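A lone chain, given as structure tokens: the form predicted on its own.
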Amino acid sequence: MNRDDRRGLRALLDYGGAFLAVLVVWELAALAVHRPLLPGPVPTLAAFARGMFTAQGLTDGLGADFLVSSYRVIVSLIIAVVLAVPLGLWMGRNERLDRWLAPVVYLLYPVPKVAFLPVILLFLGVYDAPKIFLISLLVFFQILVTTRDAARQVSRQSIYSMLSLGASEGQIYRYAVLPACLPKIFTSLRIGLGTAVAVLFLTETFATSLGLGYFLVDSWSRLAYVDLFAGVVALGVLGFLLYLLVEWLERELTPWQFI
């Protein structure tokens, strides 16, 4: 068994142990409360499986809502990364541009973007566009600030060494600045992922009939607590799978960190 296989097996055991620990605590809490509003893990996971892996659930149930939410959050993350990373790298290495844009970023970054959701709905309608826009906007600023700060910390000696070898500006960004910033970019992406899933729930409680947020609110209004917790499990699974995807991408794109 090579090093990668051992690492994968160890991670699988760690995740399995954590999952079992959560189930045990959950079951004990359900037994202690002993009320319908806190169902145990067995009926909840059964409802989750029915909703996710049956034909009815995939067409008009939890599975369909899971796919819609996955689409919304993945597209939002891609848009945020594609826009924020190049701009952050440019701001970090261009003092004149940074002098103009940094004050604007610092003024807008603390503003609670979710407060503009009603206005965004008026401009973009009630389908996927406003939800994707709001999630992208929130994650964009998180990645932008981190990338800009990381680019400012790139060693000048590395830049001068490449310039002495005749490297172009594009090559400096590609082979020096971006690789040096990637670890921090992935860290900001993981943090932004948690924000994206949280805001996803909020956006899907307004003017929509699809998505995990809608599923949770609908289950709560029907006092269907088992379905409600099945939706919470689905939301957690979505975040966990996206986290694993980001971790895999980090290992592929920054292998020097895991030697």
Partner chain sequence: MAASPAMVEARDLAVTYSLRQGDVEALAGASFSLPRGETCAVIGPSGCGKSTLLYVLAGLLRPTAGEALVDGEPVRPKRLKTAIILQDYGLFPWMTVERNAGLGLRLRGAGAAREKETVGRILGDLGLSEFRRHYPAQLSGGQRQRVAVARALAVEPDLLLMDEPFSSLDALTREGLQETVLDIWRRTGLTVVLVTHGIEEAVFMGRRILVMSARPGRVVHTIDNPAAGRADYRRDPAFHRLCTEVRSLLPAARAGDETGGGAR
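Numbering follows the first chain given and starts at 1. Note that this is a predicted model, so its numbers are computed, not measured.
As for the form predicted in complex with the partner chain, it is not shown, yet the points below apply to it.
**Item:** Contact residue in the predicted complex, chosen from 187, 153, 171, 94 - any heavy atom within 4.5 Å of the partner chain
**Value:** Filtering the options by heavy-atom distance leaves 171.
#### Entry: The single option of 101, 81, 167, 138 touching the partner chain in the predicted complex, heavy atom within 4.5 Å
Checking each option against the partner chain in the predicted complex, the one that comes within 4.5 Å is 167.
Which is the contacting stretch out of 81-89, 122-130, 177-185, 142-150, given heavy atoms within 4.5 Å of the partner chain in the predicted complex?
Answer to the contact question: 177-185.
In the predicted complex, does residue 117 have a heavy atom within 4.5 Å of the partner chain? Outside the cut-off, so no.
Evaluate residue 106 for contact with the partner chain in the predicted complex, applying a 4.5 angstroms cut-off between non-hydrogen atoms, and reply yes or no.
Judged by the heavy-atom cut-off of 4.5 Å, residue 106 is well away from the partner chain in the predicted complex.
Residue 71 near the partner chain in the predicted complex, any heavy atom under 4.5 Å? Judged by the heavy-atom cut-off of 4.5 Å, residue 71 is well away from the partner chain in the predicted complex.
Please run the contact check for residue 111 against the partner chain in the predicted complex: heavy atoms, 4.5 angstroms, yes or no?
-> Answer no; every heavy atom of residue 111 is more than 4.5 Å from the partner chain in the predicted complex.
Note to self: Residue by residue through 138-162, which ones have a non-hydrogen atom no more than 4.5 angstroms from the partner chain in the predicted complex?
What the structure shows: Read in sequence order, the residues that approach the partner chain (within 4.5 Å, in the predicted complex) are 157, 158, 160, 161, 162.
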